[in-house]
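First comes one chain, alone, set out as structure tokens in the form predicted alone.
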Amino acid sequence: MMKPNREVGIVGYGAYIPRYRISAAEISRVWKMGEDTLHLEEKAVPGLDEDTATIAIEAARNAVRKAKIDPQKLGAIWLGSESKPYSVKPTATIVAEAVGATPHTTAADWEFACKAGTEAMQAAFGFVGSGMVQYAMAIGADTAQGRPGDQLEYTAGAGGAAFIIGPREESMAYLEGSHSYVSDTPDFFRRPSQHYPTHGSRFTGEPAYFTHSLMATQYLMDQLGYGPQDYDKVIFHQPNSKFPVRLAKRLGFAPEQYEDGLLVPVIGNAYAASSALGLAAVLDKADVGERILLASFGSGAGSDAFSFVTTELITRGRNPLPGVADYVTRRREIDYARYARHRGKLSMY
């Protein structure tokens, strides 16, 4: 189990989800597939002027406002994503500039499929916990990547969540411990020449998602001396609606523990922001003294598990700032033609 010598936690967080939505039924109308098997209602779609950078900026600005800190005190801004707008140019520097953290800071992009956001968060805990910086920001942000007609097209949504890490005494939720479990399991990948990712169908289940998420979560609970009954809320990575529910049941968690963080039916799998958005949604409703478990998953493969406890500062900035629920309900439905235009799925040459 990993735990920094200096006690740290989340001093601020923010989220952002694009307004546009396409329903699973609309995708099925075009491709004649069975959307019912995925148990999804719809997914979030970026607008023509939105990408991972703009999504991350909105989430980061909300986090700074909630933390009520001077962005110049952010010693690191790290962005986890698998859909960066540039192949060679960091997105984190764009975010750092937009929130007013430059020039005396460090900024970098992180990659580990859908757990890139929590990977950045884990590093931020270590960076602040070592005393190298006072505050660090970790962001998970992604936009939809799914081949037309593929199952991923139903689930690949968009969104972002940002977390500012700082000392425990300023935290809305402090860290109890973290653990990671990784292996070389190539269940999902995209080579440089490929426009869309390739997935291993059923192979993505037991040897990848379930094995890694279960092992990281169970080991962390064992090291802390906790069981499922000790947690008020739990959030797992959400590639679809089935996997996180099945994982929660296998670990012994009840529906009331995981339902608040289950967003995939209405916004889709936001990849690097999936579990991070779930955590933001849970923090939006949390009371003082609640214990929260977060376990991400990234194909390739690995899982990061965290245990948090909320403090008396958990309600700071809650009402004036938009929460995850506000972004979920702020929606505009579009048809497949507009979706294809927004996502650049029509090649004109």
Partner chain sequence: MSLARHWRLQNQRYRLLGVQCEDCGARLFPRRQVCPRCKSQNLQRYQFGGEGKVYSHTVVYDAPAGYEGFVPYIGALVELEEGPLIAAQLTDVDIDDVQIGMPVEMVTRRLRQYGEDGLIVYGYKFRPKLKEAP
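Residue numbers count along the first chain shown, from 1. The model shown is predicted, which means the values in this text are computed figures rather than measured ones.
Heads up, the form predicted in complex with the partner chain isn't pictured, but that's what we're talking about next.
Colleague: Even though the partner chain is not shown here, does Asp49 get within 4.5 Å of it in the predicted complex, heavy atoms only?
Modeller: Asp49: yes, in contact with the partner chain in the predicted complex.
Colleague: How about Glu97: is it within 4.5 Å of the partner chain in the predicted complex, going by heavy atoms?
Modeller: Residue-level check for Glu97: yes, a contact with the partner chain.
Colleague: Under a 4.5 Å heavy atom criterion, is Arg318 part of the interface with the partner chain in the predicted complex?
Modeller: Answer yes; at least one heavy atom of Arg318 falls within 4.5 Å of the partner chain in the predicted complex.
Colleague: Any chance Ile57 has a heavy atom within 4.5 Å of the partner chain in the predicted complex?
Modeller: Ile57: contacts the partner chain in the predicted complex.
Colleague: Please pick out the stretch from 291-299, 307-315, 320-328, 24-32 that is in contact with the partner chain in the predicted complex, where contact means heavy atoms within 4.5 Å.
Modeller: Stretch 320-328 is the one.
Colleague: Is it the case in the predicted complex that Lys68, Phe127 and Lys285 each bring at least one heavy atom within 4.5 Å of the partner chain?
Modeller: Not one of the three qualifies.
Colleague: Select from 1-18 the residues with a non-hydrogen atom within 4.5 Å of the partner chain in the predicted complex and write them out in sequence order.
Modeller: Residue within 4.5 Å: Tyr16, and no other.
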